[in-house]
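Below you'll find only one chain, the form predicted alone, shown as structure tokens.
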């Protein structure tokens, strides 16, 4: 017979909103999407079990090419975000002091006070052929005419990295702040080079923050819709756009659900491989 003390009861009551959120807004919708993807419409209101929509994905090169392109670019965006965020996080956690530390962290936070749509439109204003940068290049004589910097992979990558930066900086700062500075000093005293110190001391200690940041950034990037569509245009070839097309434009919910399941499976697989290759566990990464 289960007995609940006042402390245990309080714990479970506090945990209830989280469990309800996970079950009602995450688990049940995903299960329903899986069920929808495994049915084929025979007539109005009549369905049968079928793998037709997954077969269409495999048989149509455009779909799986877009799928692979989205995966590769999401991984690249995650790695670039990590490379840019790590020095920033190190400076915030170990070098900046007092008010400067707060100001730098605030500078990373301010862009996220507005929605992703507004931030993306801001990039469009800067990069379009009649935008600020194009006008400056013409005024300075560096360009003889309007310069269009939108609708290419570099612009899409820039927008993805910009949209994800804070989600990499925060877990890195949280992890690096707990590192004892004497570990780095001892490594230098033993004659280690800067590269050796980073490889053998700093990175192993920061790995839980690196993994948790990469998981968040990768999943946000993989599921991003606004940034690739607006900055990449109609030729962005992002898989979430294909999901939107199936659900909203073609009203083919079964095919859209199949694409959603495939995207979820891909994100889960990449996260699992990343944890295995780094020797980390999901529990440890989340705890960081």
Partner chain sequence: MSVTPDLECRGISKFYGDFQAVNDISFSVPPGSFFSILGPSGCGKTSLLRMLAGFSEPDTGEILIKGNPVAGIPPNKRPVNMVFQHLALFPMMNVGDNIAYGLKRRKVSPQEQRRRVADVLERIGLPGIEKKSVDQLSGGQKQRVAIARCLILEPALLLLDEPLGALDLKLREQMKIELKTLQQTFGTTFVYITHDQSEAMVMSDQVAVMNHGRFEQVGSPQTLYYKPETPFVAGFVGNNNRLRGQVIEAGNGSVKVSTESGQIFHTTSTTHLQQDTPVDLFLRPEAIRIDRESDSLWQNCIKGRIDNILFDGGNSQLLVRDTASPTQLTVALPQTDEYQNLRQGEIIKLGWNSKQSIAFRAG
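Positions refer to the first chain, counted from 1. All values reported here derive from a predicted model rather than from experimental measurement.
Separately, the form predicted in complex with the partner chain exists; it is not shown, and the next lines address it.
Residues within 4.5 angstroms of the partner chain in the predicted complex, judged by any non-hydrogen atom, belong to 175 to 183 and to none of the other stretches in 97 to 105, 79 to 87, 175 to 183, 155 to 163. Comment: the partner chain is not present in this chain, but in the predicted complex one of 192, 75, 216, 149 has a heavy atom within 4.5 Å of it, namely 192. Contact with the partner chain in the predicted complex, defined as a heavy atom within 4.5 Å, holds for exactly one of 201, 71, 124, 133, namely 201.
Residue 167 falls outside the set of residues with a heavy atom inside 4.5 Å of the partner chain in the predicted complex. Remark: residue 139 does not count among the residues lining the partner chain in the predicted complex, judged by a heavy atom distance of 4.5 Å or less. The partner chain in the predicted complex comes within 4.5 Å of no heavy atom belonging to residue 115. Interface residue remark: residue 91 is not counted as part of the site for the partner chain in the predicted complex, having no heavy atom within 4.5 Å. Proximity of 188, 196 and 205 to the partner chain in the predicted complex is complete: all three residues have a non-hydrogen atom within 4.5 angstroms.
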